[in-house]
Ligand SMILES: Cc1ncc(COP(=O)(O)O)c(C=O)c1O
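Presented as structure tokens, the chain that follows is alone, the form predicted alone.
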């Protein structure tokens, strides 16, 4: 029976939600659903939503349609069982690790991981009684040698940041299987060109901010993998307020639509640019998995197939020369400490992504002041080469 007044006051009309729009057709583009809270029919409905016997949502921190749609697409792309969208890539890594590890546990992390990931494990998790050890990601035997009875997880990046080392994911998965612990893989640098779940990973994390969303206007992360591992990570992420929001989930779905095209174009251009940079006298060294000179070239062929990815890191010899290169390209290629945009961008690991590491740790990993990381975009390859050649200040 209707309880609304037949002729409500204007104040009541203004305050009340509109009636749902009626339509016998459905939208082509997924709608943006900004509601924070959802309205159950009655108390039994609340019970069903809470215990999973009914489908739907109650509060956006615990799930909402846009994050669910994005998670479902990424889950299928990674061939995983389940997925969850977090507020950032670091949020996804933290949720994955902290849902598995507790006081007295140990985690193995690959040498040369992203600076904030290393700082999370080495500085923050150690405060909570969680120990760690490092291993060479290209050598599964080094991970096996570092195992102890209290090791509960192995964490690696498909392609490391910034030296672009490639992890032996099949080998590491074997080590994890032997110990009955999960292998967690950060696949941010290798969406589509590698599927870690197929190679034995229990969990895959992404900084959706980067190549997946692709336009530098989203901050999100994703956890994908075995349901038994994703579910506790989901609960922890919700409890810590790490759920991704609707608008950015919606934007990421829009970016995801062109991921395959962008990844193919950027990787092809990166290969061509890496070869030319390697031959240039102004470049001391080029780090790119597709080059024959890369220490993990054979491993990259097995893990990444025919692609080397869209990232290149070059060493120009000194901080001064790195600064000169960045300044020389400022009018055309932005110095922007992120990656995965449609336009090519530059980053300086020592002063940005790996600033949190002390000088000794950076030196141990080979992260020198002359390193410049290049996130290759969708520009014409010849235009990019002309810009780099000019900014390097040496003849061809």
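Owing to the predicted nature of the structure, the values given are computational and were not obtained by experimental measurement. Numbering follows the first chain given and starts at 1.
One more form of this protein, predicted together with this ligand, exists but is not displayed; see below.
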Check for me whether this ligand, as it appears in the model of the complex, comes within 4.5 angstroms of all of 105, 151 and 175 - heavy atoms only.
no
Verify the contact flag for residue 339: yes if a non-hydrogen atom of it lies within 4.5 Å of a non-hydrogen atom of this ligand in the model of the complex, no if not.
yes
My question is simply whether residue 234 lines the interface with this ligand in the model of the complex - judged by any non-hydrogen atom within 4.5 Å.
no
Does this ligand come within 4.5 Å of any heavy atom of residue 157 in the model of the complex?
yes
Answer with yes or no whether residue 209 is in contact with this ligand in the model of the complex, where contact means some heavy atom within 4.5 Å.
yes
Taking this ligand in the model of the complex as the reference, which of 288, 114, 250, 135 has a non-hydrogen atom within 4.5 Å?
114
Note which of 96, 204, 220, 274 lies within 4.5 Å of this ligand in the model of the complex, where distance is taken over heavy atoms; exactly one does.
220
Picking from 141-149, 67-75, 186-194, 163-171, which part of the chain touches this ligand in the model of the complex when contact means heavy atoms within 4.5 Å?
186-194
Taking only heavy atoms into account, state which residues of 88-116 are within 4.5 Å of this ligand in the model of the complex, ordered by sequence.
88, 89, 90, 93, 114
